[in-house]
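What follows is a single chain, given as structure tokens, in the form predicted on its own.
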């Protein structure tokens, strides 16, 4: 039976999806499942970052702030008012989208490093606020102590389970939905306008593209989906601290993963997280005590090397290797 290159790629994609879906069936160790969750979590937030940092052509370095907003919104609503985290997840996403637009209005007028510095200031400002505010009226924010989420038993409505497996499938579904939205948008008129405005804003504007409008839409989408990840993190860990959900280290890590993988591409953030997060987790586990922050140093070093030798990210090399493999398979089938 003969297969075209497109058919072989589709078959390989389906096989990969089946393998990912069946991982918890064959791997029972909760520690390994946890590692897979971490990898997919970073795939998700790097893909959300890519709306602005990749397709819109700017460099946000404060996206952890939206994770913090999402985490605190859903957690406060759940712990203090008994509102389901699923509802709080949407509330945090909407609040973050609005804040993203408000932040984007002045900052998108900045160019280069000035935009990056402005987003760093925003991210650090959000973290400092959560660290130093204990209460806003009757609302307990927790301050530097953070907020502990009490475990109330396995419950879909409460977004809580003892096993890691439900979290695995939830983040997998979240990732698939976000990738589907990304593919749809990037193949739509909005996606073409967004990419054109990111690559050459002046040329795009001269052709009638409202560059600022589409960048604001990208910022709102990025903030919304990033905040949803904040709710997932809060219910997954059951404890949030300002320095864990809103740190500058986390913002840098998100950006590094997307850039090293290949910013402005759909597969780039996926490959970046798949290759770099296990390395980061191993470094943090075995060397983090003696050399804290070493994983960020390694990511920075890899980033420098990629920018010098492979400025479009590792996705370019891996895509070429994959295409050659598919062509060889086609040749074998035909012979």
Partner chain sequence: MAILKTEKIIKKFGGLVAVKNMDFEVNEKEIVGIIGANGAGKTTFFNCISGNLEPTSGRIIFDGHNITKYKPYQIAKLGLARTFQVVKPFANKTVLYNVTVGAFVKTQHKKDAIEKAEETINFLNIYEKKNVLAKNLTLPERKRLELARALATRPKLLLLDEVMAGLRPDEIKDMLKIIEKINNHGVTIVIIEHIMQVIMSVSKRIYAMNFGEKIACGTPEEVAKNKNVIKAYLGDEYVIS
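Positions refer to the first chain, counted from 1. Keep in mind the model is a prediction, meaning the values are calculated, not measured.
In what follows, reference is made to the form predicted in complex with its partner chain, a form of this protein that is not presented.
Enquirer: Counting only non-hydrogen atoms and a 4.5 Å threshold, tell me whether 166, 174 and 277 all contact its partner chain in the predicted bound form.
Expert: No, none of the three is in contact.
Enquirer: Identify which of 181, 94, 79, 209 has a heavy atom within 4.5 Å of its partner chain in the predicted bound form; exactly one of them does.
Expert: None of the others qualify; the residue that does is 209.
Enquirer: Just one of 203, 144, 128, 113 has a heavy atom within 4.5 Å of its partner chain in the predicted bound form. Which one?
Expert: That would be 203.
Enquirer: Within 4.5 Å of its partner chain in the predicted bound form, counting heavy atoms only, one of 188-196, 155-163, 86-94, 236-244 shows up; tell me which.
Expert: Among the listed stretches, the partner-contacting one is 188-196.
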